[in-house]
Structures are given as structure tokens and as C-alpha cells.
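Below sits a lone chain in C-alpha cells, taken as the form predicted on its own.
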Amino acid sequence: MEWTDQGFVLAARRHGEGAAVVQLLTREHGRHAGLVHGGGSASKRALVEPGNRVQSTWRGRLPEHLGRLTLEVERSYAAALMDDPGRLSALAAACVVVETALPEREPHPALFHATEVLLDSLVESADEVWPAVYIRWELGLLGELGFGLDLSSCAVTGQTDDLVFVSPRTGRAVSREAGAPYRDKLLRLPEFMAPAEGAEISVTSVDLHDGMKLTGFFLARHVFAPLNQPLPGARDRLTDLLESLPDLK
């Protein structure tokens, strides 16, 4: 059995003498692993760098087998980000979160596209843009896994404007007025995550902090707690970096 698909390298772990088991996020086959011969060697380390966009071919005798992968790099995002620790940290966090959270061999083409948008943003967008793109990417991941937040209207009043809170119990937005008596028990909703129609949006460091806290809360509860795991260390490091970067204060 054989298939060819576009994918992003999520992780590569040495296997045996010089091979590596490589985890991919593929467009049509979801998160899929395979054995790459020579992938554990120094000469092929760049081939299996997390974040690489690759053309991949998987071959196996039976669908449930690990199988073998051959890879051809189309774009190396990590190489373009080596001089920017914040953006490189976001790439690492995204790869680890997907590898851990996504069920194996379950297609998620929308998530694949969103990940491509995120990685392109890390390389190409301005400093104030890519952190917000990362947070919205996590929001989309929650939706893909069946834990999407409803940020379209207030859970109490039904209004669609002045939404500034999220209920940690229901994942629904709450307006400023309705949530005011319970503000200490609610999560903050940054404006860029639920923008009013026609509004001019700006992103502040406080917004980024609130956004990471919001998506992190629901990822921890719905995705990582059932696996008996904390949020990945790579994501924690991204949170710390975002809070320490001077141009985001």
C-alpha cells in the first residue's frame, strides 16, 4: 500500500542505528508516522527538522503498519527563523501541541491549512501580528477537536457586541455588563479573538497574555488532562517569551 501527500514534520525520534520515526501532519491523512531511513543521521537532520513542509510518500504492507516514509523538503521554516527565538518558539509549540493533541491517522485538512497559514505568518508577518495568529490557530485547533468556543454572542443576553469575557464552564462569550458581577471567575476575551464588525483592531501585550491564557485553559482541560499530561513545555516557553519581548509590552 502506498500514498503521497503534502505534510509538515512535527517530530523526529531516533530509531535503531541511523533511522528515525517521523511524525507528520499531512493534508489528507492527518497525523501520520513513518520510518525514515537515515533520518537519525547528522547528514539527514535537516530533512526531518520540525516545521519542514515536505512532499511525503508512505509505503507499508498493511495500513496499520508503521511503514516507511520518503521525504522531499519543499520549505524549511525553522531555518528561516533561527535568529528569532519568539517565532521559533511558536513553531516548536505548534508542532508539539499538534503531535500530542491530534488523533493519529484522522484527516483534518482545515487544520493543515491553518497550520500552513500560521507558519507563513511566522516567517512573513510583522511582530505584532504573528502572536495573534498563533492564538487564533490554537482556537481553531480546539474547534477541530470538537471543543470549539462560541464567541459569536453573549451566553446571557444574546448580544453580539462588547464581548469581553468567556465562561470557563461553557466556553461561551459573555458581555461586559452581564459578566461584570462575575469578572473574577471569568476568562478575559481579547478583542482580536471576537472582533466587532467593522471595528479597527489593535493587539496589545495584555491581549496576547489573555489570549494565551484563554486557549491554554481549554487545551489543558479538554485535550491534555484526559491524556494525564500538562500543557507542553514548548508552549509554556512561548508564553514566557511573549511576555518578555520588549516590543510586546
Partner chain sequence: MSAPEIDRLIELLAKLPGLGPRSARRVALHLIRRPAQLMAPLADALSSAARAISTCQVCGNVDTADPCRLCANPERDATVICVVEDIADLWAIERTAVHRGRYHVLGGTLSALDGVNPEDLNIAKLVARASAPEVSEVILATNATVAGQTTAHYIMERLAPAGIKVTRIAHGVPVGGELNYLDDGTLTAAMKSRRAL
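Positions refer to the first chain, counted from 1. Keep in mind that what you see is a predicted model, and the values were worked out from it rather than measured.
Unshown form predicted in complex with the partner chain; subsequent notes refer to it.
- Heavy atoms within 4.5 Å of the partner chain in the predicted complex are found in one stretch of 214-222, 185-193, 57-65, 44-52, which is 44-52.
- Here is the short version: of 143, 85, 109, 168, the single residue with a heavy atom within 4.5 Å of the partner chain in the predicted complex is 85.
- Proximity to the partner chain in the predicted complex, defined as a heavy atom within 4.5 Å, singles out one entry of 96, 71, 155, 164, which is 96.
- Contact with the partner chain in the predicted complex, defined as a heavy atom within 4.5 Å, is made by none of 25, 102 and 118.
- At the 4.5 Å threshold, heavy atoms of residue 91 reach the partner chain in the predicted complex.
- Contact between residue 129 and the partner chain in the predicted complex is not found at the 4.5 Å heavy atom cutoff.
- Contact check for residue 19: no non-hydrogen atom falls within 4.5 Å of the partner chain in the predicted complex.
- Put simply, residue 15 is far from the partner chain in the predicted complex: not one heavy atom of it is within 4.5 Å.
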